[in-house]
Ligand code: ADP
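Below sits a lone chain in structure tokens, taken as the form predicted on its own.
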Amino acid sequence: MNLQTPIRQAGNIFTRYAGRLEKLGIKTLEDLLYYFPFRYDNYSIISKIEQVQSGEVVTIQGTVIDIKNEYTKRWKRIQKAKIEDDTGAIDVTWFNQPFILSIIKKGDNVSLSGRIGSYLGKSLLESPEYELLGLENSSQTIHTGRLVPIYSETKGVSSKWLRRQIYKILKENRQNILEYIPSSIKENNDLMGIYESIEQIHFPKSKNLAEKARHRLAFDELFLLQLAARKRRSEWKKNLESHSFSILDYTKDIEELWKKLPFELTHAQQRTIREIFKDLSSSKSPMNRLLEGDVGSGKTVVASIAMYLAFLNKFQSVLMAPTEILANQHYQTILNLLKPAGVKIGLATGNKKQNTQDFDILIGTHAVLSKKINFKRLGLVVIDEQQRFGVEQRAIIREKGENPHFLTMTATPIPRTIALTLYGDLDLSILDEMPHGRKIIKTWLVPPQKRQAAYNWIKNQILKTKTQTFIICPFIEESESLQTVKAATKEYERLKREVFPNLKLTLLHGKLKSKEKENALENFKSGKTDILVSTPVVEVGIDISNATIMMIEASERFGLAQLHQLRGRVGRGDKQSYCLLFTDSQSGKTIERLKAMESRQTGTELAELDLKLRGPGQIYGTLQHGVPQLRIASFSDFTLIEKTKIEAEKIFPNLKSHPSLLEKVENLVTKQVSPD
């Protein structure tokens, strides 16, 4: 066996645990070594029995002189033991763990770690961690007597089980864990060796060594990401030759289209169009650009103008959207913009097929990948919310043309540092300006005591201004572990019955059938219902200009970037719009974070703030797929990101001279382009 051996082929014990380990993202033996602890229990104080004091967390080591099961009056089992060293004896108890008697026997040497309590004036060790000691010295303990690693667990996989397997793999594979970072980079950045880093992150001899190990492994993670992005970029530019689009021949047509637009393009849109046109007119390599912009910043218009240029150059375009809702919306927008200019536009979703054989622009969901749809001359691919599509789907659509240009779009506000680290292979355009005349959405954090007043205000707004309201709940059904969170189904019934009995409400969530979703949205869009109660499924792609109020329950459960995207569902028309944030949290930090929504209106600014306040793991919420999670590094460590970027830039031209590092980078690129 080597470290690349799949867990399912690594022997009986791993085969039995494979399904559970895969839930933790562990598929190979190497994945186990890179499954890092999130904290340590400090059991490093080893004390003689006579010296222990109540309240101390200590490790004692001695011989078992007695161990037995006892029963309480209610027939619950208690495991009792007496441990002796050369200074005295101490009683130990465990509760409802009868299996301990099959592990620990009278006469065994044991190491026990936990908090010292007292009973009837005598010291007592309750429910300690335990392990058997060999005849050799006690320094080989892994569960006691040291800084003990604690891992994220899943049912049937405990930290203790993980520690045992990781320790065994480490000891058996010392010769297989080879250094791949050049010595010059290690010296410049004061990095620990790779084997020592993995050993010390799991079984540190001190907090200082654990920190040094963490630094080395975080450096590696970011460094490899930077190199992988550069490798993807160089391969894209080296291997592909594109069709260049003429701009000069069609200047008059483009100017005519601009004049007919029912609005004036923002400076940001004009700048972005120039960047895209420059890419499209190049014959060196196809465009590979990421267009990032807030909800409502006009990304679809920019994409439409790029697709119009493709049409003028006798090329077809395709726009892929992640949901039918969004695909239908893009279809209507682009139809209104480009049909008068003679562009034939098709639609392909799971439920609708229109003009799918004779089109200049095809808009749809992954249904556009169907073998029944033939592209005659595909020149431009636009992917909306690109992170929601697997790399495999992007590869399929690319093969339908000869190296078409790629424009990927996202409304997910990604901090620039993250975007440049993750998407270093893409050129980046940012729409940082909202269309002229767009009113700022007034945002308030509403205290619990003002809930009823807020309901009354919403009711009055709907009746007085004939507008509509979104009410967002984080979960579809009530969760036992999150009793206070407003569940959409339950809240919908309560609101309909008790709060807004005279208004018309509709329920929308991801588990509804497509037809039910369409009906719910159509009723809301056409004004047949006043309030749409929904999960964050509305986060992407619903444009209802008459909706002016966004109310979000349990807002503390969302990242600021996600709250901002939800807020962007209102304010689409010319009426003043509002966002009401509700929370039952009493935490001062939570209140401060949410109040940032009242004064900040741009998504990237809010994402940067959340990065500083909460760290990268929670920016986007559980329903947002914009940013992959790092294992040990942090996107908020700007200094380390900059260091790894500099080192990657220096070494990349000579990467072939470092075969071990090149292999790591190629493996990462392969993982990134494998189907999700």
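What you see is a predicted model, and the numbers here were worked out from it, not measured in a lab. Note that residue numbering begins at 1 and tracks the sequence as displayed.
There is another form of the same protein, the form predicted together with the ligand; it is not shown, and what comes next is about it.
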*Is K299 one of the residues lying within 4.5 Å of the ligand in the predicted bound form, judged by heavy atom distances?*
yes
*Non-hydrogen atom contact R214 with the ligand in the predicted bound form at 4.5 angstroms*: no
*Taking heavy atoms and a 4.5 Å cut-off, does T266 contact the ligand in the predicted bound form?*
yes
*Do D543 and the ligand come within 4.5 Å of each other in the predicted bound form, heavy atoms counted?*
yes
*Taking the partner as it appears in the predicted bound form, which of 290 to 298, 74 to 82, 97 to 105, 347 to 355 has residues with heavy atoms within 4.5 Å of the ligand?*
290 to 298
_The single option of P182, P435, G114, G193 touching the ligand in the predicted bound form, heavy atom within 4.5 Å_ = P435
*Just one of K400, H243, R163, R572 has a heavy atom within 4.5 angstroms of the ligand in the predicted bound form, so which one?*
R572
